[in-house]
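To begin, one chain is listed below as structure tokens, in the form predicted on its own.
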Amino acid sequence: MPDWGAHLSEMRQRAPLVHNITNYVAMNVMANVLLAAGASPAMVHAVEEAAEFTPLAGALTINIGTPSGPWVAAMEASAQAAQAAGLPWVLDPVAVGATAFRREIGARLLALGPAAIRGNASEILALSGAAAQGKGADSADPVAAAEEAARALACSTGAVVAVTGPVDYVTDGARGWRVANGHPAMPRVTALGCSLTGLVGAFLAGAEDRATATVAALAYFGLAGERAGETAAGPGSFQVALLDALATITPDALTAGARVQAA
């Protein structure tokens, strides 16, 4: 198995600027998660400047949680700018199967070559064109039900696909991993999944192996959740403890604590 902690060490050494076009709900939480991890967040979504800003960053993340026409235009322009600059960008297809508008956005963004896609099982199924049972941004499908769709999506797009849930599944089409790190309190705090997408972007910035970098990001976030759960009394203190854990987990601790298996 790779040295998962090496990815964390390299990310912190790079301290990448991550350009995030994310939703209203997630901005503050996501920015704090990236700062705690050792990256530098930028929330730039205005269509008048987003694409110009993108090449200044080490990675781009796009989240369709609260879409509107101008935001979608900024997303597409920034994804094109990332492609032109050779920068990795991550797609978070929030509730992509819920409405025709979201399905159209998902298809248009997918055509712009994301380096990675992170979503729950229902989102990955819907993005791949398969039937899904999502409830808004929440998954009603188990991770295992989306593994085949994830592999097909990875093969057809060239992206690393991460299906997140109680046990995450990551694939680049040829290789696969399951990541068992995490805590039951994590779904009870809003925007943690969106924040994880930002972390994936931070780990991808400058990474040679984007698949193992994605796995390391998921294991790191899940391990932080486990540590937070040891002291938290509820969702409020859990969020604070999670930020502290992200800041204090060392590369060696990640390598020792990552519960990753080849799939």
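Residue numbers here begin at 1 and follow the sequence given. Everything numeric in this text was worked out from a predicted model, so none of it was measured.
Another form exists, predicted together with a further copy of the same chain; not displayed. Remarks below refer to it.
Chemist: Can you pick the stretch from 160-168, 110-118, 92-100, 144-152 whose heavy atoms fall within 4.5 Å of a further copy of the same chain in the predicted complex?
Modeler: Of the options given, it is 92-100.
Chemist: Is residue 248 close enough to touch a further copy of the same chain in the predicted complex, meaning at least one heavy atom pair within 4.5 Å?
Modeler: The answer is yes: residue 248 has a heavy atom within 4.5 Å of a further copy of the same chain.
Chemist: Is residue 189 close to a further copy of the same chain in the predicted complex, meaning a heavy atom pair under 4.5 Å apart or at it?
Modeler: Residue 189: yes, in contact with a further copy of the same chain in the predicted complex.
Chemist: Although a further copy of the same chain is absent from this view, report whether residue 177 comes within 4.5 Å of it in the predicted complex, heavy atoms only.
Modeler: Output for residue 177 is no: heavy atoms all beyond 4.5 Å of a further copy of the same chain.
Chemist: With the partner left out of view, is residue 244 within 4.5 angstroms of a further copy of the same chain in the predicted complex by any non-hydrogen atom?
Modeler: Yes - in the predicted complex, heavy atoms of residue 244 and a further copy of the same chain come within 4.5 Å of each other.
Chemist: Which residues within 227-254 place at least one heavy atom within 4.5 Å of a further copy of the same chain in the predicted complex?
Modeler: Residues within 4.5 Å: 233, 234, 235, 236, 237, 239, 240, 243, 244, 247, 248.
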